[in-house]
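First, one chain by itself: the form predicted alone, in structure tokens.
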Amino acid sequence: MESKQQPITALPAWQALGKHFRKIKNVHLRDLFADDPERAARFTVEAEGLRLDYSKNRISGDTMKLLAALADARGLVQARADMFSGKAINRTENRAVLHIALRNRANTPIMVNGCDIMPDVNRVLGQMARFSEAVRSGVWKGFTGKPIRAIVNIGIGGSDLGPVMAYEALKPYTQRDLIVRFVSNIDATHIWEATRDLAPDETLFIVTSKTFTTQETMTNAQTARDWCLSALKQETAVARHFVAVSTNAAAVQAFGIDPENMFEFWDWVGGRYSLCSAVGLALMLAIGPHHFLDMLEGFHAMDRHFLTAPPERNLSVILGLLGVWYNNFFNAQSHAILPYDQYLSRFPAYLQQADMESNGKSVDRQGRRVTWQTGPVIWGEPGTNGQHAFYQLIHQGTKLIPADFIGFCKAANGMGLPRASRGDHQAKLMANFLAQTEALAFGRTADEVAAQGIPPELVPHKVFAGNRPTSTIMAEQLTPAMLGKLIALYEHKIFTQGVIWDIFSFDQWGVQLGKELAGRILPELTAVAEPELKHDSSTNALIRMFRRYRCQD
């Protein structure tokens, strides 16, 4: 989609929202609910097994109509169609953006440069399934003839955050006698702790790097290779204990991996959107092809919902519009993701990359510096841990922090146990879940506090202002399909906001400068002779400190 020439702040739809904001900004949620007994029903949407109750947001029906008009003025419908059709909407890299093809379970043709990419997608999925079944069943043997007992995924960014998040989320569906671990940090501690109690002849490493040159990944991969060969001695052992997710066949083969065990992915998939590709191989090994395909079905269902549902019934669009409302009109600087499910403990971290790497941009599609806020800071922890950490600030602090609460009616743990054996964990968890959104919305007034007999000098400390916005996302249970729906829900929310903010959401040039400078600094840290340093005075002094202590080692 071509960018609109007019800055969004000059659009009539934007200006109408500004005028509306001035009218509604001080209206309290207590009054909004009191004035409309049907408010919860009016601002609740259900689709694909997900219930989104956004009634506890500081909005009216007019707010949502004006926000939808802004999305329409920014060309959301056409932008959405362009992405699904395979157009090169990643303009700065001249690439299509087709993570939706990875989970296109309808198998309808999707064209890139005149070619249907679905046969390649299905070919790699088949390759992944065959390999996973071989490892899980014990047919695949290590170099000494033993079956594989441990999987170590080596990657970084999207090649780590997605698989590790999904593995934790779907742990009840994993083959529990198969150890699965993830290594990303170039800090040697990460690879050392991941391997210290494993047997090299029973361990399989998955090295995930599109170019097979990513510094962090290849450093860890080489260390893993050395660790493996220190026990197995022969170079030919590498081919039985390493596979690759890459496109660089020559580098993969030079490492010692059989090219037959290289799993391909494509430049029309960004790393943070790549979980459904071969990047998810470790996940498929853990949960099996059947559950992996169930997850893809969930992704596909939400993709279809996003593509076809009208704005007022579209879960991703609604979440995207609410985020614009708080980010750009209330000037909220962050957004909390609060899953009340321990299995989703890594979901906020996953969304940090998905959102902040996508929409953390400061120039519009014309290359002009924006004069409006773009992506917020994304953060969060699972409930109820967060309640004993940062909820104090959300309730009584000076910052407005919109939050998404994610919860499930049924626990995913304890499957197969009779109800009487499960205790009341889930009821207590969800009581907290529901109580927090109520407390944040309505608070507690000074009169209500005083009525409890609280001494007057303590009343101000026990007042909760309320009017803190939340969206509640609920489903029956966290399953592979539901996880796919949740991830796709947020992916399309991020896309919606990028279109409205007139930024390119699918590149990440901001990660490059630090990498380039690290390439300059590394030889200065390791040189035998004292190098001539030409950095700033701070960086020069820190390099000298490192060298001084390194020489003492």
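A quick note: this is a predicted structure, and the numbers were derived from the prediction, not measured. In case it trips you up, residue 1 is the first one in the sequence shown, and so on.
Heads up, the form predicted in complex with a small molecule isn't pictured, but that's what we're talking about next.
Taking a 4.5 Å heavy atom cutoff to the small molecule in the predicted complex, the contact residue among 121, 473, 411, 156 is 156.
With the partner omitted here, the residue from 437, 214, 132, 359 that has a non-hydrogen atom within 4.5 angstroms of the small molecule in the predicted complex is 214.
With the small molecule left out of view, the stretch that reaches within 4.5 Å of it through heavy atoms in the predicted complex is, among 194 to 202, 294 to 302, 269 to 277, 376 to 384, 269 to 277. Using a 4.5 angstroms heavy atom cutoff to the small molecule in the predicted complex, all of 209, 353 and 508 count as contacting.
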